[in-house]
Structure formats: structure tokens, C-alpha cells
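Just one chain is shown here, as C-alpha cells, and it is the form predicted alone.
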Amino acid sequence: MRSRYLLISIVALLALIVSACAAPAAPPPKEEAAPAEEFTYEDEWGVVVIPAGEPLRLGFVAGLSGAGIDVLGLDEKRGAELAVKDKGEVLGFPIELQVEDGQCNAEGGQTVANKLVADPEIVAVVGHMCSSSCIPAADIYDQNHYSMVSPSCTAPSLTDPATHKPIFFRTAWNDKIQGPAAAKFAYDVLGVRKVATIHDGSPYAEQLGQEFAKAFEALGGQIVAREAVNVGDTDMRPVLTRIKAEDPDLIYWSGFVAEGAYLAVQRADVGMEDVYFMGADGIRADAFIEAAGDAAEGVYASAANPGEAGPGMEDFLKAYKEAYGEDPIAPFHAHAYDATMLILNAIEQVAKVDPEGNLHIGRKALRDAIANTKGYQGLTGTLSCDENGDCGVGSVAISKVENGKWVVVSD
């Protein structure tokens, strides 16, 4: 019996050895991993690709040189800078402004626009500042599918259905609003009936003057003189002398600070110191008061209505003063802030990051996202873009120089 148990034990041991030496069982076949889905982003206008680690860049264009122009541009630049600071980044990409001086004329606008469209990583443009610069630039951006949002190009033709470029948007009002608002104030509040208009030949000044005159005549007033000067003129006495012969109650100047200050000062030289002098957003800056001195007292100007400002305006004004050591120096800082935010918010909606960390932005998708902006609470009020690119609130207030300061007298 003992031998039998021994035999069984030996057999069992051999079985274990054989089992241990046998080839291991093949693991169950693994399921083959599906290939990673290829990243695609297409856009019929082309796609901007920002490499990982690089900043997202916007062009910023304003008039940053020229007497009476530079202060307007600097104010807009500060507004855009504060928007970039507040936004911080888009989808992890820091934001940079490429600042360019588009001056306030067609040549400057064309030169800068051509420079920006030569850079495929410029996503869109905040600007330009003057309609003279905006109009030719819009043609170039349209041909190259770069969206632009201007804080201050107010010429009606820019958003006229017959001439509007689909890439153009603005946060400022249309001068079809500003001109009539000024005319109504002159007729109803000042009680004037005879007006002489002067422009500087720029699209902004000429079209604004036309809108004022059209509205003033519709109210029953009379335009007794329609004159023009050249940008850079300093002796305004010849044109003022011609105007005096028509005995106007008010001179309506639709241009900018430098020439406006000469007109305001020299009207006394021809005996018109008691004739009302009125301008628009082109002179609604402290630089006009400094240039015109005592002759600025009593001058009127139309500009954005601060009463329509959004809830963030108070904090913005504090931030402006902390950053630059002074209160805003011209009228369009908040419009520049809103223009920058409109673009950045639209980028956020349409941009995608690929597996390598690069940012992709479709140019038509971006344009469409800006165009679809509705009910955005900006600094200047609630913004909604219409089919022709007007996104601004469109409210206008009239200010007057009193004791060396602009004071709102009608909104």
C-alpha cells in the first residue's frame, strides 16, 4: 500500500512538472486601438494658426501723430490696452496689440492696412480711427478677409448698404445720428436759424456736415454758407470773412481739433466773436480747449452720451486714471475698449486648439461671430450689430466749454 501511495505521488509530481514546463497560454487578443481622429478646421476665408506658446495678435490702428489728432488716437489706444488687460487671454493664449499709426488720411490707412494683411498671424484689427483712413483700409481688409471693428469711424458711407464692406464694424454711432442730434440742439435749444458749415475735405467732416445741414434745413433752418478748409491750414480769416458776409447765427465745424481751434480763435478777428461755434466729436477733447484758450469758452460739441454708459464704466475710468495718471483725454476710449472686446469675445466663440496646442481661427467664422453680436453689455451701453456693421448704442450728448472744461448740457 505504501508503494502504491508513493507511485501516485510520483505521478502527481510529474504532472505538475509537465504542467509548469508547458508553454504559457496565449493572452487573449487585444482589441486594436482606433487611430486618433485627425484634427481639422476649415474656413472658406482661410484659417489663422497661432503656434503654441505664441501670443494672439490684433492690429490696432489710430491716428497717433499730427497736432490734435494724436490725442484722439492715444485715448483709443489706452482703451484697447485696458480691454486686453481685462480679458487676459483667449483659450490660454496671451493677447498682444500690434500698434500702428494710420494717421488720419487715406495714405496712412492704406499703408498700414497693407502692412497688416501681409502678416498672416494678425487675427483682426481694432480701428481705424478716422473715416478718411477707414474707407480705403476697409477695401484692403475686405479683399484679404481681415475683420475690422472701428471705435470712431462715423462716416455714414461705411455702413451704407450700397458701400458697406462685410468685414467692417463699428462701436461708435453713425453720423446720420450725430448730425441731426446737433442740428436739433442748435435749432431747438440755441434757437439759431442761420448756420454756416465748414469741413476739412475729409469723408468724416464732409459727410457729417452734410447730415447736419440736411437735418437743420428739415427743421426749417437755413444754411447760409458751405465752406471748406484744408487740413493743416492755420489762417482761417479768409473763409471766416466770406462767412461773415452771410450773417450766420452759428458756425458748424465738422473737422478736428487743430483747425477747429484756429477757427474758434480767429472768428473774433473778423468780428464774429459773438457767433455761436459748434463742433462734434472731432473737437470734444481737452486738447481743443488748450489750443483755443479763452476762445474755447462757450463752444459746443456733440459726442457720446455718458448717461448711456454701461455698468462697468465707473471701474473703467478708475483703471484708466490709475494706469495713465489722468482722466480720459478724448471721447473714444470706451468705444475702443468695446471694439477690442467684441473681437476677443468672437474669437473665443470660434477658435479651437489642436492636439499640438496650436490655436486655429477661421476668418469667416470670426466675421460671422462679430456680426452676430447681440445684446453685449459694453462700457458704452448694450451693443448689437446690425446687418450693415453698426454695433454702437448710437446715443449723442451735447457738451459746452464752461470755465475751461467740457460740461454736458443736453443728453
Partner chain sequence: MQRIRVWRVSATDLIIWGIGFLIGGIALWGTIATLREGLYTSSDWVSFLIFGLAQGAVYALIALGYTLVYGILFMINFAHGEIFMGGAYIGYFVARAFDESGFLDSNPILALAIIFLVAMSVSISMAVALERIAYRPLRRAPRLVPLITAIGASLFLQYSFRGLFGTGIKVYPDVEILKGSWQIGGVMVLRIHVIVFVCAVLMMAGLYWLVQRTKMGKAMRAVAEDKDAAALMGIDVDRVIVNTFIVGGALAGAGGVLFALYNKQVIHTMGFIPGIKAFTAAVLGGIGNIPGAMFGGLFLGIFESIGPPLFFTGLGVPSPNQLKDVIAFSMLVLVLIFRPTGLLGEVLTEKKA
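Positions refer to the first chain, counted from 1. Quick caveat: nothing in here was measured; it's all calculated off a predicted structure.
Quick note: we don't show the form predicted in complex with its partner chain, though the next part is all about it.
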Picking from I140, A309, V229, I135, the single residue whose non-hydrogen atoms come within 4.5 angstroms of its partner chain in the predicted complex is V229
Which pick from R193, R237, K321, K214 sits with a heavy atom within 4.5 Å of its partner chain in the predicted complex?
-> R237
Can any non-hydrogen atom of A245 be found within 4.5 angstroms of its partner chain in the predicted complex?
-> yes
Non-hydrogen atom contact G201 with its partner chain in the predicted complex at 4.5 angstroms = yes
Does the 4.5 Å heavy atom contact test between G220 and its partner chain in the predicted complex come out positive?
-> no
With a 4.5 Å heavy atom cut-off, would you call T241 a contact of its partner chain in the predicted complex?
-> yes
One stretch from 344-352, 46-54, 365-373, 63-71 that, in the predicted complex, holds residues within 4.5 Å of its partner chain by heavy atom = 63-71
Can you tell me which residues in 243-278 come within 4.5 angstroms of its partner chain in the predicted complex, by heavy atoms?
-> A245, E246, V257, A258, A261, Y262, Q266, D269, V270, G271
